[in-house]
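Just one chain is shown here, as structure tokens, and it is the form predicted alone.
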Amino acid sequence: MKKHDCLIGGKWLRQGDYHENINPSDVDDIIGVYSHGDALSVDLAVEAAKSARTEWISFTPQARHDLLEAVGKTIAGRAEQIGRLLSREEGKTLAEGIGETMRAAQIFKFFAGECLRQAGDIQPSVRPDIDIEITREPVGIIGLITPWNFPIAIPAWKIAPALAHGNCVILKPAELTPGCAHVTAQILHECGCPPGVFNLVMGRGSTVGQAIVAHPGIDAVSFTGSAATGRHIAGVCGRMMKKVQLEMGGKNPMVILDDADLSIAVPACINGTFFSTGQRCTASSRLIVEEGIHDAFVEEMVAEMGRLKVGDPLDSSTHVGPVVDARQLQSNLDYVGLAAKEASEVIGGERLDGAREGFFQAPALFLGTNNEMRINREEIFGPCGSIIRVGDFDEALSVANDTEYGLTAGICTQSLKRARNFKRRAEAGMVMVNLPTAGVDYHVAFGGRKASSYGPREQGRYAAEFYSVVKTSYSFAG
């Protein structure tokens, strides 16, 4: 069994015990064993990052560009291999696994370009003979805590901008999916990332994650995960006056108006609700349907659900892979049980048997629901969607906004006026028109409102707001 160690100060070090990485579609398939660090491991990583800071800051923009470009090219060159690993450890279909890997490559290549596009500002002073220069500088040492559902893309969209802006990094990937993060660390190491600039400390959130958040030597924390954990992190970082960026949950609405084209709306909802096994913070979990199209929409949705194949993610005919682990599956099944009490009808949602023992669940659709039900208030994070019937556009918009979350929102309509109105009034960080709520480009801002996000946006040029600090310098030229 191959052993995988933490990367600290440019060296592969065993930290604590080794833990198995299990394939959720075949529990007898052990992908490897991965070293779990602790608070002392974080101390070592912080000291390594402190030692590396001076050298890394002195790297030219071209040198940082060359490193990130090399990482991006290497990931792209190994996309099928890494995508297969991703599908084995997380459960995405192979097509989704390869697609996510290519996105990670594109992110590194985009931020390689950003190394050369960093600019300052010269402004005139209101006083004579004084020059003002505004520049951006690295924050320092940044702790990155990433989730299991996008095990290479989310680490990439945190690591790449952190390094592009001259920071040193300590990454703690999700305990359930360490494999892709470990491969990313290997590639950074192989491509010549200086020792201590990037450090990988695997382990539990309650030990390694907590140590990163509370460590006085870490200047900023970027976290993607649950809202409850995010609130805790915000509290700790607030007390320590530490910069924080949080991406958390979603209960995303997709509005289907009477004039929607069902040939567009139904595939968008099938994709947004069930693909990636519904394990996306951008998934469409509330399908808000105007009453004139309600019955036809439900009929088409149920028919398309029946065509979805749940099974081995490495099988090219599979549409929906397994749930990530037994605990998540049980949580999903508990919500299906709750829906049986709250909704008028539940279609699908049962546990399925695969060719091998795994965590498979049929896609579920909850009919006859309203927005006050728990199944429409709480994030399920599985292949489950609710139908909410509404009378008109204004009611649809009101229901869409009636949630503690505000990550993404979608609408299917042929009316430019209503689409424009929805884009302006939807209380979400991202709005989709005649597209799935899940699926965003790598070069633009990602993030939401309310309990979905806190702090500066991720990805694109907006990432600079978190990964750098502004300095204003004055010079007397008299």
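All values reported here derive from a predicted model rather than from experimental measurement. In this text, residue numbers run from 1 along the sequence as written.
As for the form predicted in complex with a small molecule, it is not shown, yet the points below apply to it.
Chemist: Using a 4.5 Å heavy atom cut-off, which of 365-373, 199-207, 91-99, 257-265 contacts the small molecule in the predicted complex?
Modeler: Going through the listed ranges, the match is 199-207.
Chemist: Is the gap between residue 290 and the small molecule in the predicted complex 4.5 Å or less for some heavy atom pair?
Modeler: The answer is no: residue 290 has no heavy atom within 4.5 Å of the small molecule.
Chemist: Any of the heavy atoms of residue 452 lying within 4.5 Å of the small molecule in the predicted complex?
Modeler: Heavy-atom contact with the small molecule at 4.5 Å: present for residue 452.
Chemist: Quick one: is residue 232 in contact with the small molecule in the predicted complex, heavy atoms, 4.5 Å cut-off?
Modeler: Yes - in the predicted complex, heavy atoms of residue 232 and the small molecule come within 4.5 Å of each other.
Chemist: With heavy atoms only and a cut-off of 4.5 Å, decide whether residue 339 touches the small molecule in the predicted complex.
Modeler: Residue 339 lies outside the contact set for the small molecule.
Chemist: Quick check on this chain: which one of 348, 140, 311, 225 has a heavy atom within 4.5 Å of the small molecule in the predicted complex?
Modeler: After the contact test, the surviving option is 225.
Chemist: Would you kindly say which of 361, 273, 167, 149 lies with a heavy atom within 4.5 Å of the small molecule in the predicted complex?
Modeler: Contact residue from the list: 149.
Chemist: Let me test this: is every residue among 48, 155 and 181 within 4.5 Å of the small molecule in the predicted complex, going by heavy atom positions?
Modeler: Checked in the predicted complex: no contact with the small molecule for any of the three.
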